[in-house]
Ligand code: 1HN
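To begin, one chain is listed below as structure tokens, in the form predicted on its own.
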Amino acid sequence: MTQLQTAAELPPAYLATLNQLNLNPLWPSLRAFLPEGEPTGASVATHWRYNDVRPLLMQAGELTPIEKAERRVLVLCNPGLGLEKLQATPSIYVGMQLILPGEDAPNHRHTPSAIRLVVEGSGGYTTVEGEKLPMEHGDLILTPPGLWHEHGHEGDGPVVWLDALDLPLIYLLEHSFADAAPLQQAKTAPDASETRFTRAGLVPYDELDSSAPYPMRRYPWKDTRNALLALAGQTGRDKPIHLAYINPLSGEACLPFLGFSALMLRPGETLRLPRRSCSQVLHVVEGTGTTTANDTTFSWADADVSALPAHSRVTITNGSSKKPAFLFIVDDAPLHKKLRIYMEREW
């Protein structure tokens, strides 16, 4: 490896002249930006226990009315990146959002892409561009960039969901902003997951050549769970039971930069995941177990969340010998693939 000159080896007057002209020499910093052989990063494997987060989220409901919050969220922050950055990974923002009975979270639209994964409660809903989407445990709901959306609660008890956005990336591009509008007042009616896209492999005939980017905005957990169980019956013990959420018309990822998938672990099963270039966030929909990312091991239970840095060596174990475990995964693989930098590396 070439030994590069350091800034200290350059004359101070030369460096001062460069800085006055808004210039900097590359070579003293080259290895920091382009390390040889292995990438480096500040983010660390981090775990959030829902049993720790939930009481504080409920307290936020007592302390802050929705009118004062707009979105009542506790952000899951990676300590390696700095708590002020509001990032779970360099490109993924994750938060836990609370809405209480009778509340409305105002109608707005924004440039970042977002999803909601329902953690607990019933009676909540999200309206996206006039389509009212009920929120039940484990449901995935898309709020794509630039589409009007709002949240409400017509039931009893708290409703909590996991937010995941590509906010860090859009903010880095200096293109993060939102617009506000009055509530949509949408009527209750079956959404596209119940009418137009009810079976895999079948789409409305008049949409065969459609290029609609977000034709389906709600993915019910009951359907995903049943699909995982059915796949398990036809999958060998040496293969993972892993399903991707996709646009049913194009077969592509649901959103531009973030990918979403559901993983089932058989009773007692241990999986060694591929070592991927993308960062990942794992949410426990159902079950208990452990995850090891490089040299860090977490024990997890229902509704817990883990953030795993890019290029992590990940092993996941179902802690139950009798019941399957189900995980929801957010990653930035679609972004990597669009940039043509996605890779899977040897352990």
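Only a predicted model underlies this, so the values are computations on that prediction, with no experimental measurement involved. The first residue of the shown sequence is 1; numbering continues from there.
What follows is about the form predicted together with the named molecule, which we do not show.
K.L.:
In the predicted complex, does each residue in the set Y93, H151 and D163 place a non-hydrogen atom within 4.5 angstroms of the named molecule?
P.N.:
Looking in the predicted complex, the three residues Y93, H151 and D163 all sit within 4.5 Å of the named molecule (heavy atoms).
K.L.:
Of these, K222, H175, R71, R272, which has a heavy atom no more than 4.5 Å from the named molecule in the predicted complex?
P.N.:
Contact check passes for R71.
K.L.:
Between the options K85, H137, H110, K132, which residue brings a heavy atom to within 4.5 Å of the named molecule in the predicted complex?
P.N.:
Only one option qualifies, and that one is H110.
K.L.:
Can you pick the stretch from 258 to 266, 210 to 218, 164 to 172, 194 to 202 whose heavy atoms fall within 4.5 Å of the named molecule in the predicted complex?
P.N.:
So the stretch in question is 164 to 172.
K.L.:
Although the partner isn't part of this model, could you tell me whether Q97 comes within 4.5 Å of the named molecule in the predicted complex, counting any heavy atom of the residue?
P.N.:
Because a heavy atom of Q97 falls inside 4.5 Å of the named molecule in the predicted complex, the answer is yes.
K.L.:
Mind listing which residues of 229 to 266 have a heavy atom within 4.5 Å of the named molecule in the predicted complex?
P.N.:
Nothing in this stretch is in contact.
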